[in-house]
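Only one chain is shown below, in C-alpha cells, and it's the form predicted alone.
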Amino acid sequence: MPDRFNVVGEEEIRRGMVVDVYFLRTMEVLRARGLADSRVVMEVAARSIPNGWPWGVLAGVEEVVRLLEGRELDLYSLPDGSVIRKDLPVMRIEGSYSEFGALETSILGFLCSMSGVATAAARVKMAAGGKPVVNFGIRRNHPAISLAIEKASLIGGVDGSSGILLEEIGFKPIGTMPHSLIVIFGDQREAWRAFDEVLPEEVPRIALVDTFSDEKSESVMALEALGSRLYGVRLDTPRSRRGSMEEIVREVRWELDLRGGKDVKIFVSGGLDDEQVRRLAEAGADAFGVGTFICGARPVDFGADVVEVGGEPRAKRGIRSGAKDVYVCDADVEYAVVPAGSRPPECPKCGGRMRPAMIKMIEGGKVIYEQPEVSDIRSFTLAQLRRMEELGLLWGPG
C-alpha cells in the first residue's frame, strides 16, 4: 500500500509532473525537429461557463504565477476576482514553448477548478441580497485541496468558511455545531447549555434546531434554554424532510418573535443552491451555510491555444489568431478585445476610454506583480457584481 494519500505535492506540480502524456510526446517531436524553442504566444479563454451562466469569476491566477515563476517567459493576466465572460482572453503567455508547454495541464487545472468555485460562490452571495453566506463544503472535496477551495470561495464573495486552516490566509473560521454533539448528549437543551458554558464568548451561540423534533419547537426550546445569550438558530433540514423551507423559516420567525426573540438570527443550511438562497432570503432567513453547490461546482471550461508562432499570427480554426490586448470599462463592466499594441478603445456603451484589463505579472521569469490580499480580491469581485446588479446585468443574458 502507498504511504501517502495519492496526493501530488507542490514540487511535483512545479516540475511539470501533472501533465497529459500527449504534451510530453509533443515535446519529444518538437525537440527532434528543432522546434521546441519556438517563441509562441498562448492565450487562455473560457470556452464556456457552467450552466449557461452569463458571467464567471476568475480565480487561480496567483497559483499560475507561482507555477511559472523562474521560467524564461512573460505572463499577462486579468487579476483574480475579475468578472469574465465566455471567450474573453484572460491570460497571455509569451516565450519558448519548451518553457511552459508541458505545464498547460496544471495551468488549466488551477484556473478551471478555482474559477468554478469562485463563480458558484459569487452567485450564492449575490442571491443572498447582502446577507452573510458561509462556505460549509470543504468535506465535499479531497482534503488536500481544502484551503484552495476555501480561498476560491472567498474570492467569489462569501463571508467566511469553516476550515481552521483559513487563518493562514487571514480569515477566522466560522461554524456552529454538528448533530453529533446533540445526539451524544441525548438532549438538545443539555447540549446547547454545555456549548454555551464551555466555549469562549467570541463564539456565537447558534443552536442547531432540527435533531430530534421539528424546527419550530426546537427553536422555541433553544430560546428558553439560552435566553438572551442565543445569537441564532440553524435549520439544517435535509431535502427529504424539508417541505416548504420558506414556510418553515416564516413559522420559526413568528414563534421566536412572539416570545421575545426578535434579535435571534435564522441560519439555514443543507443542500442549498443560489435559487434556494434567494427564496429563503426573501422569506426572512438571515444567513446561509452552502456546501456542495460551491465546493462541488462545475469547472469553468478554459482552453489554452497557441495564437502566434515566431511573430506570425497562427491559430487553429475557431480561434482568432495573433496576440491580443484586453480592455475594460469599469463603469459598464464591459470588455473589448483588440490586436496587441492597438490604441486603447472607447467603451461601446458610455464612450469613455477603457483601461487595460491585463496586467503584466511575470517578465523574463521574474514576478513583477504583487498579489493583493484575499480580502481585497473579494472586495474587488463584489464591487463588479454590485455594479452589474445596478446595470441589470447580474441575472440577465449579459
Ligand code: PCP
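Remember, predicted model here, so these are calculated numbers, not experimental data. Start at 1 with the first residue shown and count on from there.
From this point on, the text means the form predicted in complex with the ligand, which you will not see here.
Only one segment in the set 285-293, 324-332, 308-316, 87-95 has any non-hydrogen atom within 4.5 angstroms of the ligand in the predicted bound form, and it is 285-293. The candidate site formed by Arg14, Arg71 and Tyr76 is entirely out of contact with the ligand in the predicted bound form, as no residue has a non-hydrogen atom within 4.5 angstroms of it. Between the ligand and the residues Arg140, Lys265, Arg278, Arg193, the one pair within 4.5 Å by heavy atoms in the predicted bound form involves Arg140. This chain lacks the partner; the member of Arg189, His179, Lys216, Arg298 within 4.5 angstroms of the ligand in the predicted bound form by a non-hydrogen atom is His179. Of the heavy atoms in Asp274, none are within 4.5 Å of the ligand in the predicted bound form. Contact check for Phe136: a non-hydrogen atom falls within 4.5 Å of the ligand in the predicted bound form. At least one heavy atom of Arg234 is located within 4.5 Å of the ligand in the predicted bound form. Contact between Gly163 and the ligand in the predicted bound form is not found at the 4.5 Å heavy atom cutoff.
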